[in-house]
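Next up: a single chain in structure tokens, the form predicted alone.
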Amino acid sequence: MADEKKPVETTGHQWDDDEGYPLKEYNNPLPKWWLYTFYATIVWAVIYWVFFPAWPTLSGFTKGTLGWSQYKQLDEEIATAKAAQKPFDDQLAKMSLKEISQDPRLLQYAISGGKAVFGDNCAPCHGSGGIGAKGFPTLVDDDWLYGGSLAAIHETIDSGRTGAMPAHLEAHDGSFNTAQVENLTDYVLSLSNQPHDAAQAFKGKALFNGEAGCNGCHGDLGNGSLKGTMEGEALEASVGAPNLTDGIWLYGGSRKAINQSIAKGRNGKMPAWGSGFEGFGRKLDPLSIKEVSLYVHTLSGGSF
């Protein structure tokens, strides 16, 4: 005799019994391992709520009996990192830039710190990695307005720089008419071997080294205050007048851009981040200025 089928366990809930074919809801309980795991998560949630910050309240959140928080952990980790850095920072603070540059281990440490300082404070103007932008000099070449030595870079960051190109057009409080400004523009174009009107450039040269007095800042040959001379005398490097004979331009080297620079003038300012602080709400300490000076020096491939 065949075994009778074991009746199927149901919840007792059924539908459509009128036609003799009721739909029944089977009782399929969850596996016990899954159910116990679910209960365990509830217990864990309660334990977590007791010991750690968890529930928001009208005045903040529950703190937990352990008093732990991510902010507290972060502060502790930062304090630990600063404690580990302190011996190196103390050494750097006592050493000159030249001494640091001669110690490979400390130099790399200082450059790493300077990169972080640069990213936080200098990159908004000079770009990530010092690539520069219109009106903000690139720091990755060897064309400098005030000098690319460690000492000069440090002075620039610490004390700041102010550069002013006066307006020459009468309409902008200058002393020259439109034709004379055009002549100067053509001469400046000729200095960097760009297309120009030779006749106008000839007139512009006379103005450049004469009535306009451009050679007083840019030199008789237009090669800037770092390299140029006026009547055989070296120019004052702190003037920061750019070299007009190369293809590197702070505000653009097109005819239009050069004409605008001559006609309306330009004003550039590098804020002082240390002595005579003029920064953007953040003053750098002497150690940070040392570190970022060393980092900027490496951007242009400067040798130590």
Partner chain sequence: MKHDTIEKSIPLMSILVVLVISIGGLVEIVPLFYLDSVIEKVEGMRPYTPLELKGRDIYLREGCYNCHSQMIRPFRDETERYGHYSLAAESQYDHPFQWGSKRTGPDLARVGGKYSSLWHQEHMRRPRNLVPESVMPNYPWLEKNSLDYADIAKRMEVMQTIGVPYSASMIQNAVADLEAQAIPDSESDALLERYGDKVVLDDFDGDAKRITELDALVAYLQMLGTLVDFSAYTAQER
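Because the structure is predicted, anything quoted here is derived from the model rather than measured. Positions refer to the first chain, counted from 1. By rigid core we mean the largest C-alpha set that fits within 1.5 Å across both forms.
Keep in mind the form predicted in complex with the partner chain is missing from the figure; the text below concerns it.
Of the listed positions (90, 211, 141, 120), a single one reaches within 4.5 angstroms of the partner chain by any non-hydrogen atom in the predicted bound form, namely 120. Among 28, 65, 70, 41, the residue placing a heavy atom within 4.5 Å of the partner chain in the predicted bound form is 70. With respect to the partner chain in the predicted bound form, the three residues 234, 252 and 257 uniformly fall beyond 4.5 angstroms at the level of their nearest heavy atom.
Although the partner is absent from this view, residue 136 contacts the partner chain in the predicted bound form, with a non-hydrogen atom inside 4.5 angstroms. Heavy atoms of residue 199 never reach within 4.5 Å of the partner chain in the predicted bound form, leaving it off the interface. Looking at residue 61, you'd find a heavy atom of it within 4.5 angstroms of the partner chain in the predicted bound form.
Although the partner is absent here, residue 74 is a contact residue: one of its heavy atoms lies within 4.5 angstroms of the partner chain in the predicted bound form. Between 214-222, 97-105, 78-86, 147-155, the stretch whose residues reach within 4.5 angstroms of the partner chain in the predicted bound form through a non-hydrogen atom is 78-86. Relative to the superposed rigid core, the position of the CA of residue 27 differs between this form and the one not shown by 2 Å or more. With the core held fixed, the Cα of residue 231 is displaced between this form and the one not shown by less than 2 Å.
Residue 77 shows a C-alpha shift of 2 Å or greater between this form and the one not shown [criterion: core-superposed Cα displacement of 2 Å].
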